[in-house]
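Shown next as structure tokens: one chain only, the form predicted alone.
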Amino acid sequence: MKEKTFIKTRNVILTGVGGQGNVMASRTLAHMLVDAGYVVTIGETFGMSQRGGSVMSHLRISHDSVKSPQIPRGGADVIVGLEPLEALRVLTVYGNPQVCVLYNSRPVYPIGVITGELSYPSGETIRDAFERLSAACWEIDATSVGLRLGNPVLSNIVMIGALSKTGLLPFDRRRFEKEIKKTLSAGKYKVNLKAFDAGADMIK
């Protein structure tokens, strides 16, 4: 897919819970965009990430200037959620009628839900909320692909592959391949490329 070019600043939020590889995904995405000639500012917030707490990365993508690392409320252009409820929480704060959302459908239940003290909304309820509150949304089961490839954390790369296919950001498979060649061993390189391709194939 041919890379697109954007004139205005693009505000992107990647969100999930601790252990899902949110930071690695945001850094990989940022490095690809810098390689494409953009200026990228990253701001990260962490809850109790070692215990499955919220993790959120703000990426502000510009042609020519460094931006504040914090996206203003209501200012997101794209939200990528590695966990559905976390994505919905971010949407309610940073969303707007033009925002686009890509999210992993597989929930990570907090301890309160597991013990029965709290409830978790149904997939249908979450899906309806995304469709109502965004201009466009894509739901994929990235976790199932990660499990099939031997590691559920690969769902973060599945999401990056899916994001490339939506055309929302100016990067493609070639840039991803170039980026991971710099940092990964041959074995990890191959499985990450498979995860990327699987994610791209899930966007129709």
Partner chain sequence: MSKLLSPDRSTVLFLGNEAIARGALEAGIEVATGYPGTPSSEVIESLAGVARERNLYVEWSVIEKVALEVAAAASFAGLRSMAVMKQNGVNVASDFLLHLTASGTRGGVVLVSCEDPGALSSVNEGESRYFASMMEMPLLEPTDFQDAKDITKWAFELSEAIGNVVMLRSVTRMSHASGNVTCGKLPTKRRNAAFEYDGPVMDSQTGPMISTPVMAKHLLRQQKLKDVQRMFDNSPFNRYTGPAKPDLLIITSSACFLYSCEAVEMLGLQKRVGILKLATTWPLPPNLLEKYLRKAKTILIVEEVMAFLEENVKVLASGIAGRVGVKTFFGKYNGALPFAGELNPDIVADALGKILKVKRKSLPADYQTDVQKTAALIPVREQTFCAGCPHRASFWNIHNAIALDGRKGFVCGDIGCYSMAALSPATGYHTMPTLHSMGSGTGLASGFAQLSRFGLDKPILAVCGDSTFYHAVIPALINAQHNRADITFIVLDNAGTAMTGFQPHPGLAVSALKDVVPAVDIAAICKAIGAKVAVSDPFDLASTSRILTSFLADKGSLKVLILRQACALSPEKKGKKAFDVKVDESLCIGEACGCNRLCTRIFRCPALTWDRDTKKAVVDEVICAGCGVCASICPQQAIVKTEVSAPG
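Since this is a predicted model, take the numbers as computed values, not measurements. Residue numbers count along the first chain shown, from 1.
Unshown form predicted in complex with its partner chain; subsequent notes refer to it.
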Can you check whether S54 is within 4.5 Å of its partner chain in the model of the complex, heavy atom basis?
-> yes
- Task: Answer for E44 alone: is it within 4.5 Å of its partner chain in the model of the complex, judged on heavy atom distances?
- Result: yes
### Task
Indicate whether its partner chain has at least one heavy atom within 4.5 Å of a heavy atom of G123 in the model of the complex.
no
Self-check item: Close approach of G167 to its partner chain in the model of the complex, 4.5 Å, heavy atom
Solution: no
Those residues of 162-188 with a non-hydrogen atom no more than 4.5 Å from its partner chain in the model of the complex are none
